[in-house]
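Encoded as structure tokens, the following chain is the form predicted on its own, with no partner shown.
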């Protein structure tokens, strides 16, 4: 069945994304804007605050199955993580240990820690990571969806990697250091942040999918994300020693195979693509079909 695309997930606001993903009328917001949870740090920088501090949290249903759900608002300070922002996320995750939903759905969209409250943000990131692992250890899957304009960088990128299952669009970007940070640290000759093709070949959803960091690559539409999240609810997930050992070996093998390569085109060719330059033009569906039929395109 061909997916009918009616909107852009990339351009949607956080509340719109929740509305697209959750069953109609099922979302119940927790700690609403009326409670005025705002950052205590931004006023001294003359930065407008946001009720909810840039993240919406609540509970909903997806195909009738109960889930906890959160969505970062990338349009507020780039979805940056601060003290109150992280506290709201942690509160939802810890609540989920008691309510035991089918899964916790995280619609990430963040450039990382908020510089204006960096220490508090860094602490918040580590506490979010701990809460994610507590959920996974308790048998409650944590499913990440990434497709916003901010991507997931810094602490947000690390948190994303801690989740059970990651769904991303081609437009998504995931990494520890953003392109500008890499350029500043390593020099423009090593990484030119103005080369948008290079940025997406390196941190974009397609490359993350081909490296198996992203579990499922989808088109840039709310329908595609909802369909993928709904399907993931039925997958068997969890942490085992065997899975961790296999992932560690995968990283070792990857370094041996690709460690000296500096361009995604070279890596994709080593993966078996005869014409790696065609990958950026492929849709998510075309790329996955190519992989299923055998890599030689």
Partner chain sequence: MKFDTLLNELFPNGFQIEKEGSIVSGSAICGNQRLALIGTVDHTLIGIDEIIRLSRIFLKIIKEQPGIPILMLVDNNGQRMALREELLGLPEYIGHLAAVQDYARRNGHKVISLIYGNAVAGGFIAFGMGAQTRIYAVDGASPYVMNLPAISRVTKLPLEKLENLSRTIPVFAPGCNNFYKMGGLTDIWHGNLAACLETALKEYSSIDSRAELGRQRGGRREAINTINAIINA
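What you see is a predicted model, and the numbers here were worked out from it, not measured in a lab. Residue numbers count along the first chain shown, from 1.
If you look for the form predicted together with the partner chain, you will not find it shown, but the lines that follow are about it.
Can we say 21, 66 and 149 each have a non-hydrogen atom within 4.5 Å of the partner chain in the predicted bound form?
Judged in the predicted bound form, none of 21, 66 and 149 sits within 4.5 Å of the partner chain.
Which among 67-75, 184-192, 102-110, 221-229 is in contact with the partner chain in the predicted bound form, heavy atoms within 4.5 angstroms?
Every other range fails; the passing one is 184-192.
From the list 125, 143, 80, 140, which entry has a heavy atom within 4.5 Å of the partner chain in the predicted bound form?
Checked against the cut-off, the match is 125.
Given that the partner chain is not shown alongside this chain, does residue 60 nevertheless sit within 4.5 Å of it in the predicted bound form, heavy atom to heavy atom?
No, residue 60 is distant from the partner.
Would you check, heavy atoms only and a 4.5 Å threshold, whether residue 134 touches the partner chain in the predicted bound form?
Judged by the heavy-atom cut-off of 4.5 Å, residue 134 is in contact with the partner chain in the predicted bound form.
Would you classify residue 272 as touching the partner chain in the predicted bound form, given a 4.5 Å non-hydrogen atom cut-off?
So residue 272 does not count as contacting the partner chain.
Taking 4.5 angstroms as the cut-off for heavy atoms, does residue 235 touch the partner chain in the predicted bound form?
Contact check for residue 235: no, nothing within 4.5 Å of the partner chain in the predicted bound form.
Contacts with the partner chain in the predicted bound form, stretch 232-251 (heavy atom within 4.5 Å):
Counting only heavy atoms within 4.5 Å of the partner chain in the predicted bound form, the contacting residues of 232-251 are 239, 240, 241, 244, 245, 247, 248, 250, 251.
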